[in-house]
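What follows is one chain in structure tokens, specifically the form predicted on its own.
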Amino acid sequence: MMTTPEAADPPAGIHSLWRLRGYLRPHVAALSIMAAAAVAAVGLTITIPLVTKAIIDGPITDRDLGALLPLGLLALGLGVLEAFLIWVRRWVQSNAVLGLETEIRHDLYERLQELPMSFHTRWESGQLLSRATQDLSSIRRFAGFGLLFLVLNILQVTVVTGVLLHLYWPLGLVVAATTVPVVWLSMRFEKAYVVVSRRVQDEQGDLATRAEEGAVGIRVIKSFGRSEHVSEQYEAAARTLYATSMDKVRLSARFFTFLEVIPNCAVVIVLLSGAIGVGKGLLTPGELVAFITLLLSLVWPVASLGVILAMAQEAMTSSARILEIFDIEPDIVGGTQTIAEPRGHLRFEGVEFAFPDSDEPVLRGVDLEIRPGETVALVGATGSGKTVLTALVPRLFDVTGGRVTIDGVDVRELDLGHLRSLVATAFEEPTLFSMSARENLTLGRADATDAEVEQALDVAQADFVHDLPWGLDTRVGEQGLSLSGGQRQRLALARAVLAQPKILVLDDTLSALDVHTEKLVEEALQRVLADTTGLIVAHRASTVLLADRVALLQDGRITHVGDHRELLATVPAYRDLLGSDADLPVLEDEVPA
């Protein structure tokens, strides 16, 4: 599987986040409450030092204890109200932001389901996993913390600076002057951080891919004794991520250090200058205390700017990575037609197919008709295009020339959900999910009754599920690794049979079965195929005997169509493909003299 190309250029910045604004609309009311509570809390943060100034310059200076109590209670009440508003803001914020993350995650997963197989064959699963987890978390953190405080901190710095200039303009100018190096450093930091942030997130996706492959392929790794080799590959990817992450940390550390130093230097200058000002009678002790208190309230907004900008860059990078998926237009889009009374008449008419990244066609002008209730076996050498041809029926891929029709209707004109209810496929490499055997079986038909489930199990000779620890309710593990290859194939076959399709596609589904089980399955399949149109990829004569006719696929073309006996007698290439199976005793009378 190919990886995604790493971004050569930085992402589109704030534009990427802006394009996700539609997810905020359902939460406008909650976000409005959150913003109002946050702004009110900032107002109280500024008001409390002014009340302190009034206390010092009034009751304390005048030794008026009677006036001290109400002002003290006012300061206490304002502090309690500020704490309450912070609680309201956090509670509303958490609900809104988690809802936003859930909605984006839902739409992202839905989009991944819509995208065709050509997309999934190009992208590493770890990259997709990284986008669906880490990138969404980055957006949630910024939306729930960074975006709000970026606005609030700018508002607080602006308002407090104005108040400080009003209290004592010489010291206010000192505070205002500190914004110049902060803005300059922030601009330099942003340009460098966006590049290293993207590299880290891409490398996290690569590492997730290696972790997933190591877990899914653990049996192969152990059987070849390659645990150490795979571990070294994982460690190399982890070291690469570590080195890039350390670059990111060093960049952040330098920036954060400067942001800590600048406001602290301002505090020292203000404290010394303010003390001189009080001594000369240029400002009162209460004004100095209020001035310093307000100045200290700016330390957090300025110092946190680095964290917030880092979160913003990560969120913008994450949104760009997620929008890469949303921006991909599916090349397989369903039509609007349905077939009222489907019969399962399948036709391939001049079908051609080539993969998007290849100039060499896999299929060249394939013509084949399978009548309702008929079964055709597809025989061909490895790489002749058998699996691709079967994948065209449910539109896992689309033809690049010609057309595939069901009951005379081009499959591209059919509603995708309707089409895939007409066609069921059992693959050579069966895919099972980390759920119970029953859930895996009913994946294609959730309303199946217990009797229908048992019938499908009987056809596929998959009665072994009843011997599992909890029967049909036993979880089969990721990829069904708790089962043998033959058991997985039989369970996947039962799933396809249970769907009761009009067209049943079997892509060498019996390859992992022993001879005895294969014979039992074939006998049961003959009853199923009697009422269903069947397309079977076959490599053995025993499987070919299930079919009414055989189609020989060579170099992307159907070169011969006929019954097994006829092809065996007249087409040497056909007999060569079946190999030793063609000499089975049951077929001796079919071998030409």
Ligand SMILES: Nc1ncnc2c1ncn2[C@@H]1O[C@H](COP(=O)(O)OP(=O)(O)O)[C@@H](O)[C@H]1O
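Everything numeric here is computed off the predicted structure, so don't read it as measured data. For every residue, the number given is its place in the sequence shown, counted from 1.
Form predicted in complex with the named molecule: not shown, discussed below.
Residue in contact with the named molecule in the predicted bound form (any heavy atom within 4.5 Å), chosen from 336, 113, 257, 382: 382. When you look in the predicted bound form, the only residue of 434, 227, 431, 121 with a non-hydrogen atom within 4.5 Å of the named molecule is 121.
Though the partner is left out of this view, residue 304 does not reach within 4.5 Å of the named molecule in the predicted bound form, counting heavy atoms only.
In the predicted bound form, the named molecule lies within 4.5 Å of some heavy atom of residue 355. Heavy atoms of residue 387 reach within 4.5 Å of the named molecule in the predicted bound form, making it an interface residue. None of the heavy atoms of residue 208 is located within 4.5 Å of the named molecule in the predicted bound form. Figure note: of the listed segments 387-395, 123-131, 440-448, 315-323, the one touching the named molecule in the predicted bound form, with heavy atoms no more than 4.5 Å away, is 387-395.
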